[in-house]
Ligand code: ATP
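In the form predicted alone, a lone chain appears below as structure tokens.
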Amino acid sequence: MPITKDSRTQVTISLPNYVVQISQTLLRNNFKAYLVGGALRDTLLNLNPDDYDIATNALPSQIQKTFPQSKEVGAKFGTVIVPVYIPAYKKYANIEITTFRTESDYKDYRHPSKVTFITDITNDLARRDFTINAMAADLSVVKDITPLTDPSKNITLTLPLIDPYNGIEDLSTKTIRAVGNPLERFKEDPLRAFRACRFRAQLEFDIEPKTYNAIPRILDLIKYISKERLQSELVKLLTYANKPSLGIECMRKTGLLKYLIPELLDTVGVEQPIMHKYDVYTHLLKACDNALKKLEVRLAALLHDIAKPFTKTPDGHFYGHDKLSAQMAEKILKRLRFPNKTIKHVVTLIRWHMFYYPNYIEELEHKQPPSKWSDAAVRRFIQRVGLEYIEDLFQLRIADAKAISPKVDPYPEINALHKHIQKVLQQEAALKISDLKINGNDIIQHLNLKPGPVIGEILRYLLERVIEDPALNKKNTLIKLAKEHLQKNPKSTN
């Protein structure tokens, strides 16, 4: 629906009752309260904000006194977090309350060296990045509203809007525009250039020309942005946007991508003559757009073919690109300071994303039905990938398949294997050493061995046998197999 304001500059929005209650507490203590930032922007767009920001003239010490449960997260910048427990959700919601302020002298291209607390909301809005984030809804009208019993329920309110930079019009026309001089805004904090591209994708808005053209002019300042902040923007892009490709392409065209994932630039124009319609870069972006909105899956989709420029053969194949792509992805994610758990997850998905039925391509060309995997082959596949990654691996494979070509239908392969895996998982089958009906102590006792590497070697051998034939997973049978293996390999005890 169109976003408009009436002649009195008011907007009608819906807010959770707990936000209203926090606002009422400020107001009844004779402080001002305004809904600001992304929370107001998303509310006006009928989106559900992740959190809510309130701006006030109360000083940080006064906010803390008013809300004893609050936590100070940035006293210098006037920011205090107030946690509110929501019984319906069985969790806390954090409301960020910030004192009106002005900022100047951004000596490290992020933090202002001078922060002044003020009493006017309009001057506070002047320090913000984009017009769509530089509005404030006056919450003073909620002072005397009777709060609802359930803090999670929403209340519809008509509130006065403070909009000195005409952000509401930019919301209506789907425009990203810097507050004031875009070059000055980006020089204050170069990360704002990445945010512009991220909002381009997240909101599917256009960046107005002056703001867009200012981005290439601050590229020499990107070096001052920490890897952790770059990572945070990438995470938001991949988890919030329906089409992350819009943001990534914006970064490529403005020169920002070189400072985030330069390896993607190597994929531009790398043609894939076999089965694929698109070059590697376009394929990666389409796969990312197609992927489940889960960080690990989208990261894997974006990077799963990152090594293709370095593995292309004269006949158009990319042998070994899955393994090399996994290695490259690991380096990229480490460089961007991703947690080790996330890195392992993404690298695993990329390493094993090229699962095909035997001779699948040849069968496809001859329009033959896919070959069948044996149950043992499926169990080995699950063991190799890791049960915890299987579902995400299929999500990646589906996203990958959708981005290949409208002429190729890989779904018989994917669906057949997925159903086969579900069938195997319903069986009583050992997929890891801990599933065996025998352990290291049993081997030490029955084979009269000392603890050492040989115990693990025997257990791995037994697991391979049981994967081939689950009926062997019985204690007495396994002990017998262990003894036979040891007799055939006596050197393993040395």
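Treat the numbers as computed from the prediction; the structure is a model and nothing was measured. Start at 1 with the first residue shown and count on from there.
There is also a form predicted together with adenosine-5'-triphosphate (ATP); it is not shown, and the following applies to it.
Student: Could you tell me which one of Lys312, His353, Lys236, Arg379 places a heavy atom within 4.5 Å of adenosine-5'-triphosphate (ATP) in the predicted complex?
Tutor: Only one option qualifies, and that one is Lys236.
Student: Within 4.5 Å of adenosine-5'-triphosphate (ATP) in the predicted complex, heavy atoms considered, which of Asp51, Asp442, Asp435, Glu468?
Tutor: Of the candidates Asp51, Asp442, Asp435, Glu468, Asp51 is the one lying within 4.5 Å of adenosine-5'-triphosphate (ATP) in the predicted complex.
Student: Contact between Asp289 and adenosine-5'-triphosphate (ATP) in the predicted complex at 4.5 Å, heavy atoms?
Tutor: It does not: once adenosine-5'-triphosphate (ATP) is placed as it appears in the predicted complex, Asp289 has no heavy atom within 4.5 Å of it.
Student: Heavy atoms within 4.5 Å of adenosine-5'-triphosphate (ATP) in the predicted complex: does Phe100 have any?
Tutor: Output for Phe100 is no: heavy atoms all beyond 4.5 Å of adenosine-5'-triphosphate (ATP).
Student: Any chance Phe199 has a heavy atom within 4.5 Å of adenosine-5'-triphosphate (ATP) in the predicted complex?
Tutor: Yes, contact at 4.5 Å.
Student: Classify Arg229 as contacting or not contacting adenosine-5'-triphosphate (ATP) in the predicted complex by the rule of any non-hydrogen atom within 4.5 angstroms, answering yes or no.
Tutor: The answer is yes: Arg229 has a heavy atom within 4.5 Å of adenosine-5'-triphosphate (ATP).
Student: Specify the contacting stretch among 345 to 353, 386 to 394, 191 to 199, 324 to 332, defined as having any heavy atom within 4.5 Å of adenosine-5'-triphosphate (ATP) in the predicted complex.
Tutor: Going by heavy atoms within 4.5 Å, the stretch is 191 to 199.
Student: Taking heavy atoms and a 4.5 Å limit, what residues of 117 to 138 are near adenosine-5'-triphosphate (ATP) in the predicted complex?
Tutor: Read in sequence order, the residues that approach adenosine-5'-triphosphate (ATP) (within 4.5 Å, in the predicted complex) are Arg127, Arg128, Asp129, Asn133.
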